[in-house]
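Form predicted on its own, single chain, as C-alpha cells, below.
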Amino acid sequence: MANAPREQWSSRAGFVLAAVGSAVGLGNMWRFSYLTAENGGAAFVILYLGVTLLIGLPVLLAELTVGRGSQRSPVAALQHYGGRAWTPLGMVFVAAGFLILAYYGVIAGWTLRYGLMAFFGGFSGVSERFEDIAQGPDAFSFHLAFMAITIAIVAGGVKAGIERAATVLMPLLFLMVAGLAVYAAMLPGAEEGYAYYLDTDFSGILSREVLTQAAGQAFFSLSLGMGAMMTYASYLGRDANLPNGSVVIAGADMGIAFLAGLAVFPMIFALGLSEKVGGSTLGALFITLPEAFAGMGGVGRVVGLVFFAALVVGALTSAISLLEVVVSAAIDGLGWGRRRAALLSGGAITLLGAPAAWSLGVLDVMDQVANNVFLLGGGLALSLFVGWRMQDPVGEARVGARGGRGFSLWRALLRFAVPLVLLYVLWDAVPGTLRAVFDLFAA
C-alpha cells in the first residue's frame, strides 16, 4: 500500500483554491474582525501583517516544502526527512487536526442550524435561546450532520471530492462576503461601524497578550501547526511554485478576513447594537448579529441567510482540510483505503466532539489547548526542524520557483526569528491554558 500511486491535484489552481479554503474559515469571518476592533483597529492590522510576514509565511512555506518534497502525510513526511526521532512531531500535527475538528465541527453545526433558521423562520428570540442552541442534544445533532457532509467530501478523494468542492465553494464564498460588504456600505450609520473597526490605536498592540492573539490568529487562520498545508502540498507536482503559492494563500486569507469586517461592523452599528459587540466573539457572532438580522425584518432573513451560508462554506472548506490530515495519515501509516479512513477517522472525531457539544466550557478549553499549545508549539518545532535538521530545504523550495531571492532570509527566519517570537508567545499562552484545563476538571 505504501507504494500505491499518490493522488494529485488536477491543477495548481485547484490546489490554491483548496489551500485558501483550508485557511479561510470561521476565524476569518468573525474572529479577525473582532480582534482588530478590540485591539487598536488599523494598528492591529499592521501588527497582524507583520506577524504573518515574519512568522506565518516562513512556517507556511516550510510546511509546503516538507509536504511536496516528501509526497507523504505529516508523520511519514517528517520520518522521510528526519528519521523516526521526529515521528512524535508528525503525530502532534495529526492530533491537532483531530482535536480542532472535534470542537470546530460543533461550532460549524451552529452555523448550519442558524442558516436553516434564517431560511425557515428567522431569528426572533434567538438571543434568549443561545445556550440551549449551543449545547445539548440539538447541538450534537447538527455537529453530526456537519461532520457527515465533511466525511462524504473527503471520502470522494483529492480530485473528485476536495478539489471539486473547493472550486465551487471558494468563489461562492468570496461573492457572498463581497455582496454583504457592498450591502453594509449602503446602510445608514455604516461609517460608525467603519470607524470602530479601523480606529487606529498603537498604545497596546505590542503587549504580550495582543501579540499572542495576533500570532494565534495567524496560525489558526493559515492552518499552520496542524499539518493541513503539509498534507495538501503532498499532492502537488514538482513544478509547483511554492513561494508564490504561499503568498497567494496568505493574501487571500487576509483579504477575506478584512472584507468580512467591512460587512459585519456596519450592520451592527447601523442597527444600534454596538454596545453588545464586546465580551465574546461567539456571543457577537451568534447573538448580536442574529438580533441585527431580526430587526431588519424580511430583508434581515435574506441577509442572515447569506451571512450564515458564507459561514457554513468557510467552516466546511476548513473542516475538509483538517479531516484530510487524519485521513492521509491513516492511509500512509495504516494502509487503509480512503473511504475506510474517512469513515473511521471522521466517526472518531465526531465522538470526541460530543463533550464540546454538551458544554460550552469544554469547547472553550479545547479551543485554548489547540490554539495555544498544539498550533504554536507545532509551528515552533517545525521551524526548528526545517531550519536546523532538514537537509537542504532551500534546494527543495527552489524547485519550480522562478528566481532565487529570499531563500537565505527564509531559512534564517526559521532558525532564529520564528523560534524566538513563538517562545515569547508560548511563555504567556501556556500557563493560562493549563489554568483553564485545571479549572475545568476542578469544576
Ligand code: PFF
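Residue positions are given as counts along the sequence shown, with the first one as 1. Since we're looking at a predicted model, the values are computed, not measured.
The discussion below concerns the form predicted together with 4-fluoro-L-phenylalanine, not included here.
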query	finding
Every residue of Phe220, Ser223 and Ala228 near 4-fluoro-L-phenylalanine in the predicted complex, heavy atom within 4.5 Å	yes
Val45, Met390, Leu26, Leu35 - the one with a heavy atom within 4.5 Å of 4-fluoro-L-phenylalanine in the predicted complex	Leu26
Single option in Ser321, Ser345, Ser73, Thr288 placed near 4-fluoro-L-phenylalanine in the predicted complex, where near means a heavy atom within 4.5 Å	Ser321
Listed range touching 4-fluoro-L-phenylalanine, judged in the predicted complex by heavy atoms within 4.5 Å, from 192-200, 162-170, 348-356, 313-321	313-321
Phe307: touches 4-fluoro-L-phenylalanine in the predicted complex, heavy atom cutoff 4.5 angstroms	no
